[in-house]
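Have a look below at one chain only, the form predicted on its own, in structure tokens format.
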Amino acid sequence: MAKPVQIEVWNPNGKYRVVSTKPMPGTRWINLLIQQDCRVEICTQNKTILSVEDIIALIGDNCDGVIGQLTEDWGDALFSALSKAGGKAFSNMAVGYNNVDVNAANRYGVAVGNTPGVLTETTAELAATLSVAAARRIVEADEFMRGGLYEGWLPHLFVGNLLKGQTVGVIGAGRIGSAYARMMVEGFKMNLIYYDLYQATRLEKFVTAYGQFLKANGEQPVTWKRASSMDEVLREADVISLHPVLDKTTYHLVNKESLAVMKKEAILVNCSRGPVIDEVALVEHLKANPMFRVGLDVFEDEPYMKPGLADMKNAIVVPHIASASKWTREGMATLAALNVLGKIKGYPIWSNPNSVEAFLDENSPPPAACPSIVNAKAIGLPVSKL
């Protein structure tokens, strides 16, 4: 029998019982559930990642829906427990759902929600931040200062890379990849090379227009190029940011062979999914090429790093914080709650999960729809006509 877990209860007499496996930023998500007669139970257990047994104890015998996290193992055991408790809705507070066995959810008729449409700019900003920090060796210089090692200005002290006029490479030019590319092109006047299975027409038009603006003002225009292969980006770019989806074709997309193709002083940034990079090969490459630098927000075996990575001065490592802006995290909590609430109330599915501004407007009630249910078609949920 699983041990009870600590909880915080809101609206104890609510008709519907909704469980959150973690406290989440903001209070709007709680208030929206309470306003629709939900009893909200928030797990306050002092534990970073809840086990399957912990979550089963949270679900109990009567539960209408659960809001969970990307770190949890949502498979047959949890969907079975939720179904037995009368639940029909689960939502990750995340855009990704690699932790969810969607087929298991389908078998039990449980809707699986996620939270796209609110992370684009925030994630792109962190990728840009890591790019600049790596180029100018900010973390190394900060540690040097804090260690009391600075004795005065020197010509060779922490010489890094100038970004202006260099080439930024983007692998995966979807919403986040394109937003990152625009930031680097407009912010630092970099040229662009990108690889994607689909043509990024809007991005190309943006770079073209910006290039024409620069030329009209007597400056060197920026350029863009759509690469015919990923290797072409790796060979030509000075700064490369990874933004692909994670599947069988992108697992270890960056490996020993692809790292060898890159420039010796290139910068590699990953704010997408950890397993896109072969971390063992990366550590060896960093050791062999001290002027090669990386900025990583995600890791292959999260929360762990492969041996040696933490010792690399030419690596910047941060703990999966790409979405960690106040607006984004509160928005993710709101969308996750509304996914669960919408299924409980029998609402249809929002027609465009990447256009969620209507759900985030605090000055008006959200639409009567589920923002994003990834298995809506599989379990026969209707699409909203709003």
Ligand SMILES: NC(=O)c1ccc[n+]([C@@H]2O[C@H](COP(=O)([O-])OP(=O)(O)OC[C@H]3O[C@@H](n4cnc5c(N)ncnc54)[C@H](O)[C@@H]3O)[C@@H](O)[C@H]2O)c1
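Start at 1 with the first residue shown and count on from there. Predicted model only: the values in this text are computed from it and were never measured. By rigid core we mean the largest C-alpha set that fits within 1.5 Å across both forms.
If you look for the form predicted in complex with the ligand, you will not find it shown, but the lines that follow are about it.
Placed ligand check: the ligand in the predicted bound form, overlay by site C-alphas, backbone/C-beta within 2.4 Å:
Open pocket: the modelled ligand, placed by site superposition, has no clash at the 2.4 Å cut-off.
At the 4.5 Å heavy atom threshold, is Tyr195 in contact with the ligand in the predicted bound form?
The answer is yes: Tyr195 has a heavy atom within 4.5 Å of the ligand.
Distance check, Gly211 to the ligand in the predicted bound form, heavy atom within 4.5 Å:
Output for Gly211 is no: heavy atoms all beyond 4.5 Å of the ligand.
Would His243 count as touching the ligand in the predicted bound form under a 4.5 Å heavy atom rule?
Although the ligand is absent here, His243 would touch it in the predicted bound form, with heavy atoms inside 4.5 Å.
Does any heavy atom of Thr129 come within 4.5 Å of a heavy atom of the ligand in the predicted bound form?
No, Thr129 sits far enough from the ligand in the predicted bound form that none of its heavy atoms falls within 4.5 Å.
Hey, of 160 to 168, 185 to 193, 287 to 295, 266 to 274, which bit sits against the ligand in the predicted bound form at 4.5 Å between non-hydrogen atoms?
Selected range: 266 to 274.
Residue (of Leu259, Met305, Val95, Ile316) lying close to the ligand in the predicted bound form, criterion heavy atoms within 4.5 Å
Among Leu259, Met305, Val95, Ile316, a heavy atom within 4.5 Å of the ligand in the predicted bound form occurs only for Val95.
Select from the listed residues Ala322, Cys63, Ile42, Ile56 the one whose heavy atoms reach within 4.5 Å of the ligand in the predicted bound form.
Checking each option against the ligand in the predicted bound form, the one that comes within 4.5 Å is Ala322.
Can you tell me which bits of 131 to 145 touch the ligand in the predicted bound form, meaning any heavy atom within 4.5 Å?
Heavy-atom contacts within 4.5 Å come from no residue here.
Aligning on the core only, does the CA of Thr71 end up 2 angstroms or more away between this form and the one not shown?
After core superposition, the C-alpha of Thr71 moves less than 2 Å between this form and the one not shown.
Using the rigid core as the reference frame, would you say Leu197 shifts its C-alpha by 2 Å or more between this form and the one not shown?
Yes, the C-alpha moves 2 Å or more.
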